[in-house]
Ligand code: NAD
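What follows is a single chain, given as structure tokens, in the form predicted alone.
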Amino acid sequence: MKLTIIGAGPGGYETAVKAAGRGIEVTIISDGPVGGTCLNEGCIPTKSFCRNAEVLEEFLRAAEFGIDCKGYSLDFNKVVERKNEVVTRLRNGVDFLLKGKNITLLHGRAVLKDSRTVVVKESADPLSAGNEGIEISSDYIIIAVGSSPSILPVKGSDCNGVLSSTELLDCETLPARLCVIGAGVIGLEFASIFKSFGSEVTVLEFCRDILPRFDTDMSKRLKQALVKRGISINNSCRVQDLSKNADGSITVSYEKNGNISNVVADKVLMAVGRHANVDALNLADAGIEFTGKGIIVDENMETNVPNIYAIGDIVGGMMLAHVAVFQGYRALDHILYSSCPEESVSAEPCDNIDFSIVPAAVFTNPEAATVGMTEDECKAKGLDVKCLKSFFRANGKAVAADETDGFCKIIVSGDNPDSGYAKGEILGCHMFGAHSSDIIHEIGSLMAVSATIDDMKGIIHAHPTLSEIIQAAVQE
């Protein structure tokens, strides 16, 4: 069997490696460095910056622990240099994986010829005349071409100094003043990082809460923690325009409650989301159904064109690297299942992957994490729920580490006889505080086996650990 994968991000390359291990002959096509957005322009480089910020925060607080650290300074060029070294090291690792048996890596732009044929072209314009390219035929095709940063359609958004997250990661100098437009995951992570680096940070958000898709209770508490650190956060703001000043700074004008206000910054981060790269391929010519939000797929990640699948950011929805990976696994499972002549093909998923249970983390300081439904989502579905809470300030390990800012909220089902949920079943968890991104997976694992609050009460946690935050909530 032959499989062509267009895109070498986490979804693409992980699926390629797994497919090759199953004996499938794989061709994977990348029009940029392997690793995609996550490795080169997203998850990994920002986490490298996060670590620098974390170390710096430890120095800033060292005196509280009886340690004299006077005289230190931040070399921003070395911060960027270290980030580039981390990315290069991991990219080389992906390159090594893709040199394995049954995998052929091609660099270029892909054009769909039909449901089984892809043409790979080196030209910047893959559809240009005279650019014949290399024709690849296969039994199945998986599209995994990702997404790109969105830009707010306002006057001045193209000013020099208005940056996407990709460009801010390669900024050569540390901005004294940074304005972040958008208080989603990307915006808040950069706001937190650059505040630690020493920038004066202002965040402007259109919605009334930060992290609009997260639990409201958690978002409000996290906002308080970030404001306490000195980050200025303005909600319910509509950015009107941006203008360049004579001294090179940028003025951002925004409207709030009928009043116009201005923020002056040296750099502006445009963090208003990402959009699926539906223009990266000739989808319409190939007959593949899509909208502005992404390619339309079924539960098995198959498009309306037989033998063509799509995974990751290109299908919209949860634009997370780990989701892309498991969508790739789902597509591959269906391909293998469908290719078995003794099996009757079913529209139902042929694995146990549950895309309703997806942990997500925000690497601010303090961290935030979530899994499952929010309280508002439960109410919108008419579910009777109970919310159990605990606080880091009551946790021994958190007090000893002086990491007392944080809380945990676990949502469990009440009496919902027709919902399919057992009484006391865990429906979601939302928390912020030190190591929340690690702790949240315990709840995700329990949700995967439909555990109840009574099941959790009998699980012993080591003392003193931050994971006791969860135990404290269920013992409420």
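Note that residue numbering follows the sequence shown and begins at 1. Keep in mind it's a predicted model, so treat the numbers as computed, not measured.
Below, we refer to the form predicted in complex with the named molecule, which is not included among the displayed structures.
Enquirer: Note which of C207, L97, A286, V86 lies within 4.5 Å of the named molecule in the predicted complex, where distance is taken over heavy atoms; exactly one does.
Expert: Exactly one listed residue reaches within 4.5 Å, namely C207.
Enquirer: Pick from V371, L112, M319, V162: which has a non-hydrogen atom within 4.5 Å of the named molecule in the predicted complex?
Expert: Of the candidates V371, L112, M319, V162, M319 is the one lying within 4.5 Å of the named molecule in the predicted complex.
Enquirer: Classify E189 as contacting or not contacting the named molecule in the predicted complex by the rule of any non-hydrogen atom within 4.5 angstroms, answering yes or no.
Expert: Contact with the named molecule, yes.
Enquirer: Give a yes or no for R274: in the predicted complex, does one of its heavy atoms lie within 4.5 Å of a heavy atom belonging to the named molecule?
Expert: Answer yes; at least one heavy atom of R274 falls within 4.5 Å of the named molecule in the predicted complex.
Enquirer: Is V119 a contact residue for the named molecule in the predicted complex, using a 4.5 Å heavy atom cut-off?
Expert: No, V119 sits far enough from the named molecule in the predicted complex that none of its heavy atoms falls within 4.5 Å.
Enquirer: Answer with yes or no whether M301 is in contact with the named molecule in the predicted complex, where contact means some heavy atom within 4.5 Å.
Expert: Contact with the named molecule, no.
Enquirer: Within 4.5 angstroms, counting heavy atoms, which one of the listed stretches 194-202, 377-385, 276-284, 233-241 is next to the named molecule in the predicted complex?
Expert: Selected range: 233-241.
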